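Just one chain follows, in the form predicted alone, and it is written as structure tokens.
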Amino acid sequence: MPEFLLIALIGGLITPLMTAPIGAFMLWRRMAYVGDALAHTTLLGLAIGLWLQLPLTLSMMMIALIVAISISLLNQRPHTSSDTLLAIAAHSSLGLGMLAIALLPEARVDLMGYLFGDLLNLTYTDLGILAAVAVTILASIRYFWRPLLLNTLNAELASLAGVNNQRIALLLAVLVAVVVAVSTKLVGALLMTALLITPAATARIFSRSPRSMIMTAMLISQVGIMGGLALSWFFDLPVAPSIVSLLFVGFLLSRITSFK
């Protein structure tokens, strides 16, 4: 097996360890558009990283974190619509990012790689970042599992149980931002939400508990990523669309079998 394909496979197996649990919480809380909005904001982070000559993953993560925290704080104010904030953040960041990239002096940017992912060009450094973030996400969810779940199921009940709902909402926003920024390199900004939501939606049909749903979503994601890599290798197809398409087919099949 070529080295670049092995690195891509390892990265593809690591990524669901963080996208599956975050995707499950996003699905439970009906936050699908949050992931999409944050994925768009990473273009501004990409532009800032290029302008300031910073590590691109770091700059994208910082912008996603700033936007996620800002939206979480503003959303707690009265007369503020979360849908409006997300739409403004997503499209404003996308426009500003594209403008900043267009003004870059003598810089060539692979926007197609950013928009649709670049899984086959992962490096050992990328693997290290993915592994570190995955461990951090899993450790955070395990430590805050009870308050996260209570806040997701019933915010009032969580408050009565002593959960600080504002802090938990802020924590989840931060975790989503980190996962989106780091995973964008794999499937791109346009398909990021599909990697988060589709496996979780498929897993929910077969799961009887939150924990089993997360584990099933991890497995579905890993199978989809390995299948997408196989399609790309044997049929010369783009990786990210192949992954997302397989995940979508899996979702359709799960819905069909659930009607029986």
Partner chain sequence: MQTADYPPLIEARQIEHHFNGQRLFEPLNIRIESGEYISLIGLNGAGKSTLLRLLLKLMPHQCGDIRHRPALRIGYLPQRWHANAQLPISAHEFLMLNLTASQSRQQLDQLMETWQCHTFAQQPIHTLSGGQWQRLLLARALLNQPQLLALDEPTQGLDLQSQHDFYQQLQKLHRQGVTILMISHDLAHAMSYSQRVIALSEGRICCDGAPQTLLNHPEYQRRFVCAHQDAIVPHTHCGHSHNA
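Keep in mind it's a predicted model, so treat the numbers as computed, not measured. Residue numbers count along the first chain shown, from 1.
Here the subject shifts to the form predicted together with the partner chain, a form of this protein not shown in this document.
Student: Which residue, Ala131, Leu149, Leu96, Leu120, has a heavy atom that falls within 4.5 Å of the partner chain in the model of the complex?
Tutor: It is Leu149 that has a heavy atom within 4.5 Å of the partner.
Student: Counting non-hydrogen atoms within 4.5 angstroms of the partner chain in the model of the complex, say which of Trp28, Trp51, Trp233, Tyr33 makes the cut.
Tutor: Selected option: Trp28.
Student: Does the partner chain get within 4.5 angstroms of any non-hydrogen atom of Ser159 in the model of the complex?
Tutor: So Ser159 counts as contacting the partner chain.
Student: Answer yes if any heavy atom of Thr216 is within 4.5 Å of a heavy atom of the partner chain in the model of the complex; otherwise answer no.
Tutor: No.
Student: Could you tell me if Thr136 has a non-hydrogen atom within 4.5 Å of the partner chain in the model of the complex?
Tutor: Looking in the model of the complex, residue contacts with the partner chain do not include Thr136, since no heavy atom lies within 4.5 Å.
Student: Determine whether any heavy atom of Met112 comes within 4.5 Å of a heavy atom of the partner chain in the model of the complex, and answer yes or no.
Tutor: Judged by the heavy-atom cut-off of 4.5 Å, Met112 is well away from the partner chain in the model of the complex.
Student: Out of 141-149, 120-128, 83-91, 175-183, where are the residues with a heavy atom within 4.5 Å of the partner chain in the model of the complex?
Tutor: Heavy-atom contact with the partner occurs in 141-149.
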